[in-house]
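Just one chain follows, in the form predicted on its own, and it is written as structure tokens.
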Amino acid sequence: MSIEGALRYYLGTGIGKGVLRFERLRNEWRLRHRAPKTSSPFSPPLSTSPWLKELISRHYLTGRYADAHRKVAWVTSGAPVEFLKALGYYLLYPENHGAVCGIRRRGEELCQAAEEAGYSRDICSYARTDLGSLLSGRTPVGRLPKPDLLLCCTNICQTVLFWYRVLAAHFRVPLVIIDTPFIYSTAPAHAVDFVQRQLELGVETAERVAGRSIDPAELERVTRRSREAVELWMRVLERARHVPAPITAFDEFIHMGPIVEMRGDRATVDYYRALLATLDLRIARGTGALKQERIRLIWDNLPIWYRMRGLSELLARHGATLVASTYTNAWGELAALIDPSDPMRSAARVYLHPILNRGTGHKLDTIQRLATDYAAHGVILHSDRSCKPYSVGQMDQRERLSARGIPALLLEADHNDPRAFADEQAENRIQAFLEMIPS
């Protein structure tokens, strides 16, 4: 790396981190001294929220300058990243960047930029958002670092395979593909062997690009931190079993950022430990995320990023709390499979078992289990227009849940493209659904 690049990295991130720390302290002070809104159906925000904002902002701040100082890898959200962390790569998750664009209402313009370049509107809106950002140079996070390596794992969908081939051709960098066989229960040994061998070949490529060999002790440390973070995240989610729930799934959609983007970092472990303590304090005080909780619901599929606030307020006005979701649960349920003493074999098992790499029957059983464990009164199934793997089978799942005494609403939308969402229609359907649930 050049001296100029290193100076830009350290000066830029150093000054930026100082600004972010100041903003965090200011926001924490405001939270402590802010008068509660008596008209709001929500309890005061979680006290750790300013810390979360700082953590995520620092991640993207580091990314602005990362390619001038260290190796960068772009990875799919379900990819095995521990070996890249151990090699010192900065990791960027295009799906998470897409979610940030959606939250900041930039998804539509970036999707349109991709469509104008010839990409179909039927493609995943994460892919269109990020390809639109790549082609237009527009992003709400300032700048994305150019990758030295791409890592694509097919355990979430097949779209990522073609998406990352486009990225590889654009950047002209190596593409590592981890192809995970689809499983219906527990992965057989030959499937684990198959994935482990691909991981080992991926390590060889990553080492060649990084210009260094992996340190087994560092890989074990990173894997151990990943397991600790995942375990803490699951404990955070389980706190919502309490009545009233101290945290909603809408909160979790935001607070899951570190477990996706910064899995394996010490800062992620520290943050979730603090969040867990905050939730325990809420429980001890009898404080729920909503002031008046009447209805408890489960959410299936990705969030509708651009309508998070509107949907949360709509449900809150009816005393309805999203207490769990299959999406956030997917990042915690595999903690028991992580084994730091055997990182590569462990990774092969873990990354074979995400919810999208398993049958629709498994998802149905997961929804029913969440509904039981979290004492839910019903389920909202987000029928996501451009995430077909997550949405397949939902019509049957709705009928089967209803037959088991669990009311379910099928809500049509798209996780990142607001053109596929009708506000008035959605509000009417949700209100009608809530009215049929007994108090």
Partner chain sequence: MSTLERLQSIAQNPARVAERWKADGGKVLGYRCLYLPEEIIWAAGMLPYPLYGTPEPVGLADAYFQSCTCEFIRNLFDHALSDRLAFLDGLALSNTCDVVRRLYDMWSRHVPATPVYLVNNPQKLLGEANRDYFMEELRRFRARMEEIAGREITDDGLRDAIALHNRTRALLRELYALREQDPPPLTGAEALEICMAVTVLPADHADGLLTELLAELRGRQVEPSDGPRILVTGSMLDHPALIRMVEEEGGVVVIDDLCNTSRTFWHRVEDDPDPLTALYRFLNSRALCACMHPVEARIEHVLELVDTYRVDAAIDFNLKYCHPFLYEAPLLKERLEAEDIPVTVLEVGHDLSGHGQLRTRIQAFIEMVSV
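On a predicted model such as this, the values are computed, not experimentally measured, just so you know. Numbering follows the first chain given and starts at 1.
There is another form of this protein, the form predicted together with its partner chain, and it is not shown here; the text below is about that form.
- Contact between residue 190 and its partner chain in the predicted complex is found at the 4.5 Å heavy atom cutoff.
- Taking non-hydrogen atoms only, residue 140 never approaches its partner chain to within 4.5 angstroms in the predicted complex.
- In the predicted complex, its partner chain sits within 4.5 Å of a heavy atom belonging to residue 388.
- Of the heavy atoms in residue 118, some are within 4.5 Å of its partner chain in the predicted complex.
- Using a 4.5 angstroms heavy atom cutoff to its partner chain in the predicted complex, none of 50, 77 and 256 count as contacting.
- When its partner chain is considered in the predicted complex, only one residue from 242, 221, 318, 358 comes within 4.5 Å through any heavy atom, namely 358.
- Proximity to its partner chain in the predicted complex, defined as a heavy atom within 4.5 Å, singles out one entry of 307, 197, 105, 294, which is 197.
- Of the candidate stretches 62 to 70, 388 to 396, 369 to 377, 22 to 30, only 388 to 396 has residues with heavy atoms within 4.5 Å of its partner chain in the predicted complex.
- The partner is not shown here, but in the predicted complex the stretch 149 to 188 reaches within 4.5 angstroms of its partner chain through a heavy atom at 154, 157, 158, 159, 161, 162, 163, 165, 166, 169, 175, 177, 179, 180, 181, 182, 184, 188.
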